[in-house]
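So this first bit is one chain, no partners, the form predicted alone, shown in structure tokens.
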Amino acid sequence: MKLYYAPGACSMASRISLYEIDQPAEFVRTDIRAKRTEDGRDFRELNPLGYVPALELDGGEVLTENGAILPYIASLRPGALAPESDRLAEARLHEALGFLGSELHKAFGPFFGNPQGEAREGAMSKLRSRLDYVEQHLGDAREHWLGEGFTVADAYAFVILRWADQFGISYGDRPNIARYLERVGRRETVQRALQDEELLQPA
């Protein structure tokens, strides 16, 4: 199994999830601008759209999109990273992944293009509304996205929410998000992923 990733990209959610279940995998760094893997392969041969993550299975099949890859990883150890034998709880997980992918992730998207002026303010307006929802959803005491136990949704949410720092966006007025990031960020698997992608801040 190979995970094609870019440091700090949403592919880190898959890395964290693989670490959580001790699933052996090879991690292949990918330049998503040049569309080349570190071993010189044209990444578009794996994902014609050219973005990470892509998960190459042992049989040669390739999965793309967080909404497919994360549940697949969770299925490798039933009950560890996703609700099991509870149809409503399973639906809540897919609901969370849908929001994270189509709303929160997408709302951060424009900032990777360094928007200025009215374009930045427009992007900020949309992002604020999504962050307001996250702040409310997490509440004062919710430890994980689904309430009980770390799931692939937490891995994905952590990666997306931490992008704020690189775009100069503060969570000073959103203490629930700040506490959530701090709490999830202390997990051994998260620390390991940050270190392996060379993203840990110097002490």
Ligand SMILES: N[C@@H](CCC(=O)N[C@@H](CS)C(=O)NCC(=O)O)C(=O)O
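Residue indices: 1-based, along the sequence shown. This one's a predicted model, so the numbers in the text were calculated from it and none came from an experiment.
This next part talks about the form predicted in complex with the ligand, which is not shown.
Q: Even though the ligand is not shown here, does it sit in the model of the complex so that 107, 135 and 137 each have a heavy atom within 4.5 Å?
A: Contact check failed for every one of 107, 135 and 137.
Q: With the partner left out here, check for me: in the model of the complex, does some heavy atom of residue 193 sit within 4.5 Å of the ligand?
A: Residue 193: no, not in contact with the ligand in the model of the complex.
Q: Does the ligand come within 4.5 Å of any heavy atom of residue 151 in the model of the complex?
A: Heavy-atom contact with the ligand at 4.5 Å: absent for residue 151.
Q: Is residue 16 close enough to the ligand in the model of the complex to count, meaning some heavy atom within 4.5 Å?
A: So residue 16 does not count as contacting the ligand.
Q: Residue 156 versus the ligand, in the model of the complex: is there a non-hydrogen atom within 4.5 Å?
A: Contact with the ligand, yes.
Q: What residues in 31-60 sit within 4.5 Å of the ligand in the model of the complex, counting heavy atoms only?
A: Going through 31-60 in order - heavy atoms within 4.5 Å of the ligand in the model of the complex - the hits are 32, 35, 50, 51, 52, 53.
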